[in-house]
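So this first bit is one chain, no partners, the form predicted on its own, shown in structure tokens.
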């Protein structure tokens, strides 16, 4: 593999987004071996059962339901508004926050419990200092 092909691969926008050399990107949580609670960040102890250690990487599902949302109308300069900030309960466990795309940011177009799927796209054109692009995850309504 040449250096050019390595540079062409995008970087994950968050640590729990995994981009394998072969196959599709996915979200990964750490699962408590004692109680099964899922976490997106490194942990020393489980916040649910207080067990220490014993966490194992677990691939999260790409399907879920909209648990909650907020339509954001004011943001930092350079961030296009309005957009939908969503919290999604994934099938098989795990709750993840992200942006909901592919639907108008209007309450009449959104409903709690609506089926959504995780999609992976360029992170809105963001790049690091060396010019590497980022890959991020978004939610979109399921067809």
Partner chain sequence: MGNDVYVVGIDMIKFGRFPETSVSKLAAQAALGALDDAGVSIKDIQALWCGNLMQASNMVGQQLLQEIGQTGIGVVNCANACATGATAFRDAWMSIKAGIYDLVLAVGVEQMGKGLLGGAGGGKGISKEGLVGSLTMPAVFAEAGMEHSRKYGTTFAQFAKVSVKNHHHSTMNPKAMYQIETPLEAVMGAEMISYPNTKLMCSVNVDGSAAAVLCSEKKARELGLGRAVKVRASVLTSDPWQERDLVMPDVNSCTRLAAKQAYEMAGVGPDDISLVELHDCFATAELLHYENLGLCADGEAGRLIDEGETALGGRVPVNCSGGLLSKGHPLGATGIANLYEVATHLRGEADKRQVNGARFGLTHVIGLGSACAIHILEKPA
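The structure presented is a predicted model; accordingly, all values stated were derived computationally and were not measured. Positions refer to the first chain, counted from 1.
The discussion below concerns the form predicted together with the partner chain, not included here.
Every member of the trio 14, 72 and 128 reaches the partner chain in the predicted complex with some non-hydrogen atom inside 4.5 Å. In the predicted complex, residue 67 approaches the partner chain with a heavy atom inside 4.5 Å.
Using a 4.5 Å cutoff between non-hydrogen atoms, residue 48 counts as a contact of the partner chain in the predicted complex.
Mapping the unseen interface onto this chain, residue 31 falls outside it, with no heavy atom inside 4.5 Å of the partner chain in the predicted complex.
When the partner chain is considered in the predicted complex, residue 43 lines it closely, a heavy atom lying within 4.5 Å. Interface residues of 96 to 116, taken as those with a heavy atom within 4.5 Å of the partner chain in the predicted complex (partner not displayed): 96, 97, 98, 99, 107, 112, 113, in sequence order.
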